[in-house]
Ligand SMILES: Cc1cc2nc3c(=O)[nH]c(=O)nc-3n(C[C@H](O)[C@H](O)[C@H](O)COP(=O)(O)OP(=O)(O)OC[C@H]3O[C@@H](n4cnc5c(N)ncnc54)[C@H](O)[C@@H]3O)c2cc1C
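In the form predicted alone, a lone chain appears below as structure tokens.
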Amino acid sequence: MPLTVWILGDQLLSPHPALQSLEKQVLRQEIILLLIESREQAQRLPYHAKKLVLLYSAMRHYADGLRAAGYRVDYRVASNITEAITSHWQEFRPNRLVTMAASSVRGRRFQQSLAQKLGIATHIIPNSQFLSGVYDPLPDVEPGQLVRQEQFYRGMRRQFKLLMDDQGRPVGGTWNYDQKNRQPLPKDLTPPEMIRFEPDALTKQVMVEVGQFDHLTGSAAGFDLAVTREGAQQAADDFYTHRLPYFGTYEDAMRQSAPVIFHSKLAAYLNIGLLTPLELVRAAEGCYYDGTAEINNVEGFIRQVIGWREYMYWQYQRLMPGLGAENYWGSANPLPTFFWSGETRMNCLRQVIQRVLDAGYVHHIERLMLLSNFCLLADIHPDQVYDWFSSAFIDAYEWVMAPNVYGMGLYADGGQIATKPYIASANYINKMSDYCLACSFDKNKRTGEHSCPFNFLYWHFLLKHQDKLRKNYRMARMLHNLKFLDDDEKAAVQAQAQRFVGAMDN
């Protein structure tokens, strides 16, 4: 009697853990592999067209690889997942279903409901796409207890012995290299071009199909990402060779003419299983030991993968579903429509939003210190920010966007994830980028004609929320600077911020 293994679209691991778990128990010819394209899921939000092309093309290539390996594959394009599983069950009559736990809370609830709702005997194996799902560095944390990323990161470094010496100490004598990292990009340093992949016939067919959807963000045209594990590995190797040697030093830099700088752009592959976190950080660590990348750049990348990414997944599992309802600041303003068009006089936002709409990608500092920073300062409702980020980025999934938007980006959770709100005026943007050079707003003016919105919004935010901000010791220096504004300028800042926010879509 056949057995079904349901492989989710963001679990394109090779080999797949569900198949590994059955390897010695069931003959290959008795296994039917089920993959589902759900149109209902695709319509939940106006997702970026290139994200759906990546997902569907990768799924179809993965299915072809399984067929070539001798497996029976039932690949279904259906209105919804329930319909697909029901029709699959009626056709093949398997005796049970085996699947790997979804990364999202919603997905796991659905998997757990199958036995009761559809009468399907279901075995759910643990999710192994995340290192913190295999090993929890902080297993005894009480509900509501604050856990900072650094504590989590050090636990992960120790467990997986990444950049650690034989005595259990960090190689180089320190856990991070922030003093060497996060530098502005020198004018005479030109980042390398990103590796591009020409779409094959299957991907081109997917691009045509996705191009017929009428609710998406951006366009499928110009799609140039890898859609197989082999291609993703090639993209990773290109990063190690050409960008990792500069990654940490310039990981916070922004440049108008260089959308990727020295970032990896590997999250899109990592988040659907074409790459795995441990292989990435092991390879990066190897670049330090073989002398092709200095430790500050390698540690910065390892921190992004096993520190930031794994910490976000760990916090998501702890804090959901409540995290998605947090609104610490009481923000209520709607997301400006220019987030869907890029049509704004603010050069930094115009450039970054247009890149997102075109490619579904900008790097993490532009997401945090431009997009999220603006939304926080302008009191945009967190739910609307979350929906936009989830729609616009090719690497967006609930488990990563919920903690990053409600937690790190907007501090809407009141500090359960981040140690402070990440807010900044035009001074920071000017220091770390060249966006201000081509802007019609004056980066040096707080109020008045041509003053930069980031300036008066920043000071207005400090004034409006100073009671809450005083509870955070890391905000003391920013609040101290309020003394340099007299009463007239404070009133001018507040009035101009209110006018600006009220007229954002006018």
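Owing to the predicted nature of the structure, the values given are computational and were not obtained by experimental measurement. Start at 1 with the first residue shown and count on from there.
Below, we turn to the form predicted together with the named molecule, even though it does not appear here.
- Distance criterion of 4.5 Å from any heavy atom to the named molecule in the predicted bound form singles out D395 from the list D379, D383, D238, D395.
- When you look in the predicted bound form, the only residue of V305, I429, L216, M346 with a non-hydrogen atom within 4.5 Å of the named molecule is V305.
- By the 4.5 Å heavy atom rule, the three marked residues F247, L270 and V362 all count as contacting the named molecule in the predicted bound form.
- Remark: of stretches 70-78, 95-103, 208-216, 270-278, the one touching the named molecule in the predicted bound form is 270-278 (heavy atom within 4.5 Å).
- Among residues of the shown chain, H263 is one whose heavy atoms approach the named molecule to within 4.5 Å in the predicted bound form.
- Within this chain, L368 lines the site of the named molecule in the predicted bound form, having a heavy atom no more than 4.5 Å away.
- Within this chain, M408 lines the site of the named molecule in the predicted bound form, having a heavy atom no more than 4.5 Å away.
- In the predicted bound form, the named molecule stays beyond 4.5 Å of every heavy atom belonging to A253.
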